[in-house]
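Read the single chain below, which is given as structure tokens and is the form predicted alone.
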Amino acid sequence: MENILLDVRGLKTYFHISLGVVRAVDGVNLCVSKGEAVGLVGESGCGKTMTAHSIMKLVPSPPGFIEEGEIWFRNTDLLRLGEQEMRKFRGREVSMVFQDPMTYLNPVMKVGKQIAEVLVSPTRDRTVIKLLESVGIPDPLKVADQYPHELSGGMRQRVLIAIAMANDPPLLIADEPTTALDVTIQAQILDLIKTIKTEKGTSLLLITHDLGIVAEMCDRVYVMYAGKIVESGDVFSIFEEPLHPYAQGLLRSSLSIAEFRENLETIEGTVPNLLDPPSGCRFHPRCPMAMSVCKEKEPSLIQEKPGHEVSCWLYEKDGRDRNHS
């Protein structure tokens, strides 16, 4: 346990809107150890990004509120910190790379000034140039004097990474860092993040829907569905022998160089409305292996194998017995 850097326990983040309560994150547990790369995967709308925003305490409030849970970073529960303390914490201890650079970069401020704003270094100008060089930006002096709209999407993402790594935080959260980038630039950004992790020993929480990226970048993976973690384990276990029907479906619907598939399978149905989620297991309306108990009662997260957990009635004796009774 002394190696654990981030420990999220029973996190619930709900949105109170006129139609009711949206249970965006509903009892999530996850951890990231020192120097580890952890993937959080699932379909769009499953709660991945909101989990990251909750960790950073960036949930838009109202209507969003962190209802329950603990978010431990080393010996500090972030949910007990006030906003002033949290501002000092962001960037120095935990930083986040967002999926849309134009949303998070100030369009009327030059790039160099935006990086300088987050620095605690007294030699800011020199440090800004070094940071731009470190993320592979050519002609950093010129780029520092430009506005975000003058840069390409890949360059803007590199600037966001430079801002995130300005104060060498121990943990980097990357939320879909290659969204809307072409394949060549995606590879460059992923190589950059991998280099940062290796050279600085930075821990990484990578949020993505792309299982290929997880296979390349991560040590462990959490599979999320409809606000809940349904499976977790090391990346080899999840890819070689996924246990949850949803994880199995995700892998069957992904391209692989290991085997030729003429047609990719799809997961039937759509992600449920979290205003009114299904009873029991939230995946049961789409699950080809659903049993009667799946509709009645939510399965607990159990350790099926060492280090490999799953939330599914197929692996609980009570579920199998009730289905055949």
Partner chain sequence: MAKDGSVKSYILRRLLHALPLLLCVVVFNFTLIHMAPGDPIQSLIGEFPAPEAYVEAMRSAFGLDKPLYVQLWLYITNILKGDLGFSFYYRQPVLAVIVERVPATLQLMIPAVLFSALAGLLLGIFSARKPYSLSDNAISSFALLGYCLPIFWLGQMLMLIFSIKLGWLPSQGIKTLGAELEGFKAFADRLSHLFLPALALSIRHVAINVRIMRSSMLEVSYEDYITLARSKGLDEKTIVARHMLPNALLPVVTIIGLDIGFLFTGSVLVETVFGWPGIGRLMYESILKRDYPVLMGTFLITTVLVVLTNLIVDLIYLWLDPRVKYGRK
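Computed from a predicted structure; not experimentally measured. Numbering follows the first chain given and starts at 1.
Below, we turn to the form predicted in complex with its partner chain, even though it does not appear here.
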query: Its partner chain contact in the predicted complex: residue 291, any heavy atom under 4.5 Å; finding: no
query: Contact of residue 117 with its partner chain in the predicted complex (heavy atom, 4.5 Å); finding: yes
query: Residue 73 within 4.5 Å of its partner chain in the predicted complex, heavy atoms; finding: no
query: 4.5 angstroms heavy atom contact with its partner chain in the predicted complex for residue 183; finding: no
query: Listed residue (155, 217, 105, 172) with a non-hydrogen atom within 4.5 angstroms of its partner chain in the predicted complex; finding: 105
query: Its partner chain: the contacting residue among 58, 31, 66, 271 in the predicted complex [heavy atom, 4.5 Å]; finding: 58
query: Listed range touching its partner chain, judged in the predicted complex by heavy atoms within 4.5 Å, from 128-136, 142-150, 245-253, 206-214; finding: 142-150
query: Sequence-ordered residues of 83-100 touching its partner chain in the predicted complex, heavy atom within 4.5 Å; finding: 87, 90, 91, 98
